[in-house]
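Included below are structure tokens for two forms of one protein chain, each presented in isolation as structure 1 and structure 2.
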Structure 1
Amino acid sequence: MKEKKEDRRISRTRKLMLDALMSLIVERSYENITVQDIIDRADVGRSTFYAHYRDKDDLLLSWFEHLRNLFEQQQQELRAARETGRDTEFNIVLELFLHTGRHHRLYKAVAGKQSGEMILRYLHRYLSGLLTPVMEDVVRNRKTRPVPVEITVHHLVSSLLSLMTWWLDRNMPYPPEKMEEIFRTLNRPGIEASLGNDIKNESRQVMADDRNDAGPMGFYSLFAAPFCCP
């Protein structure tokens, strides 16, 4: 019971500091916010802040904890789906666009040279680490691998983040669902080519299979759908 109370207290303290940072970001440039500003707004001590975070960048990146949890949940569902043959309703790319859309003011507020690059580097590193073992599993038994896994994953993640940045810069002219569809349309041929598949023949099969176009596997359908993997 004591541990649960302690966990709740820690969660509340972290939420206070994160909420303080989020409110400050809306008011001013992220680069102009100091740790002192954050602890003043959250009404916590400096020692309390540093007991939880190294600096304000560390606090900002904790904002993605919910997204990380969703991604980890998706990986668990994917493994279970492979074992049982059922579909999972989670879609990584759609979730990322939905998250970005819901918090677009904050994303745009931290899109300065330092903070924006930091977030993109963090997302690139995290998504690459998430997708690399999936892709390695797909190509494990393939005799031909025209493109190394590392390069394929780098291309996919870079494409996703570039598309997300374009979307934000233009004030989200399309809904998240459309952006997820555009991402799949643009990147499916590259996935096929990286796997050494006959793109022309495979594309006919994809067009005839509605499940692959709107399938709940979402981003992972690029790796795990029948058309791409023997």
Structure 2
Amino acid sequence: MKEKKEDRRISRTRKLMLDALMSLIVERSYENITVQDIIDRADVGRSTFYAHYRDKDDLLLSWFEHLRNLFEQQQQELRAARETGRDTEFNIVLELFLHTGRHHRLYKAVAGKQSGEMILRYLHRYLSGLLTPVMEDVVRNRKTRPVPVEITVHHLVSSLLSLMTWWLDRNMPYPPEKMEEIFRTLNRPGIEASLGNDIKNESRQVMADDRNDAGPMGFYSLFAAPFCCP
């Protein structure tokens, strides 16, 4: 099933450079890594690097796209499992914390304190893309709209990323589940309010009431787990 078009040398070189970047990235901050460092460690020619990537960022970005594919694939599998009758409760925020935790060394190096803006912007864009249709769908039934959907989404994504970086910067002092709970505590009530009152029952509006409207990404529910004030 694999597309085997690629010259073996290409994959080899690419892998070498990616590995070099990864091993460098856990040693010092991304900003302080030069193309020179990368090609030194990868042991490839300077011109080779530029034959593949425009610059350092391009290389990193290609790696993130790889990771994103991995993540999306896993989500698809979860979704599939769920559809075949398993009771997998789907919670995208939790999944994100789990995923980040799994790759924490990379994300810490790149999205933490030391980070360049680039990756955070990339993630922001990506997550906003995921969230926007969901939110717009939710808001369709609402009569009032106290806060523009665009802002709500922006806020939610920023909050998630800010919690993520906090978590990473402090070496993940809580488990992903706890972080997801905190995220929910902080944001759920405000999101409710920001989306406006509506036709149906007052609370648990953001929850996926029924299990259709899967959204573009198998994105069932933003606040899937039950919420309760202790």
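Sequence positions of structure 1, starting at 1, serve as the residue numbers. Owing to the predicted nature of the structure, the values given are computational and were not obtained by experimental measurement. Definition used throughout: the rigid core is the maximal C-alpha set that superposes within 1.5 Å between two forms.
Where the criterion is the form predicted alone, structure 1 meets it and its counterpart does not. For D43, the CA shift between the two structures after superposing the rigid core equals 9.5 Å. Taking the rigid core as reference, the CA displacement of L59 between the two structures comes to 4.7 Å.
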